[in-house]
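Only one chain is given next, in structure tokens, and it is the form predicted alone.
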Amino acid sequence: MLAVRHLSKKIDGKAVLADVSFELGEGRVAGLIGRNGAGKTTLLKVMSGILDPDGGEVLFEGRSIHWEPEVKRELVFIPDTPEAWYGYTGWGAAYMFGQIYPRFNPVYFRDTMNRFGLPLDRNIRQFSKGMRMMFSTALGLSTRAKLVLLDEPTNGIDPIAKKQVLTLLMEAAADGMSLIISSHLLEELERMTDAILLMRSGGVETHASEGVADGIVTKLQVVFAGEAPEAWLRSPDVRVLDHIGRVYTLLLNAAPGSAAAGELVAMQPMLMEPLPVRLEDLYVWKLGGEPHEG
């Protein structure tokens, strides 16, 4: 359904996107992750047609987002701050979206706003940050667009509201909507997504959510018999996640050619127990040693 091909984008002379390519099928949900400043919001804005790329293309059902503007009616971008709606009430924003999106559902919008406990006749500017995020999500999903792009949809909302928003997103996915969700809530993304888009150095790596780090990294709990091998622990193929006494929780490079696992076996530790690898582990392995990108 969505094909991103060789996207590049510079902002203020800095390359933010560099040869980004991936695809997302119909009815699929992807999580977009990366360090602060990695370019996640820029990527979402280019995919939605708000920003033009310097190179590459975004195709939705085989049609260009940037060369065929009417295609934008089939997708919607939900930003992390709805500043465009300041000055509007909930109903006013719904009326405007109803002129743009042919399948906009005002009944769904009203019911979702009531579900969130949000007033329909109050100026959006008067909403708290959390209320604005819930409003934005309700408005975006009410378009019934085939693809919804969300930038930090749970940013600034309390745990109860966060659960409500995530439930609403899972319901939308169950109804057949495709979603791309930018978020730092790795545990939630792992549970509700089909794929993970990991942004790094201007590019995107695609990983399946199930078995997200299979074949990339191994997670172990290790108890060494004697002194811990400091040089081995500091090697680029090893990352220490936790250390209590002689008990270490480690990530090891599982790629072909890595000698770290064999070296560990040769040390004959007292305990070497495999642990399940989670999305957070992949994030730490890929990005934990890198500074923020701007």
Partner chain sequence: MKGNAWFKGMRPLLGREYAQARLFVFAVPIVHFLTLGMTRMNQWFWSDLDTNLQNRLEDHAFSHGDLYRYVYDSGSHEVVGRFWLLLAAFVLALVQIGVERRNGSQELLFSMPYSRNRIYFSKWLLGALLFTGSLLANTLVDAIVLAASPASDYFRADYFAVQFGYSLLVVLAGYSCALLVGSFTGSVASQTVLTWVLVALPIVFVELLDYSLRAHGIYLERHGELYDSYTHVLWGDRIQDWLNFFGYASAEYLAISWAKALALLALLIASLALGLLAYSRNPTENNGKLMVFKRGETVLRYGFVLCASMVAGLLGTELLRLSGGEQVGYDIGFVIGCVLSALGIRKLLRLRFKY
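Computed from a prediction, not measured in an experiment: that's the story for all the values here. Positions refer to the first chain, counted from 1.
What comes next is about the form predicted in complex with its partner chain, which does not appear here.
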Answer key, its partner chain contact in the predicted bound form at 4.5 Å (heavy atoms) among Y108, F116, F224, Y88: the residue is Y88
Assert contact residue (its partner chain, in the predicted bound form, non-hydrogen atom within 4.5 Å, options G55, G62, P236, P69) equals P69
Do E83 and its partner chain share at least one heavy atom pair within 4.5 Å in the predicted bound form?
-> yes
Is M267 close to its partner chain in the predicted bound form, meaning a heavy atom pair under 4.5 Å apart or at it?
no
Looking in the predicted bound form, any heavy atom of L271 within 4.5 Å of its partner chain?
no
With a cut-off of 4.5 Å between heavy atoms, is K45 one of the residues that contacts its partner chain in the predicted bound form? yes
Only one of 216 to 224, 158 to 166, 198 to 206, 88 to 96 sits within 4.5 Å of its partner chain in the predicted bound form by heavy atom distance, namely 88 to 96
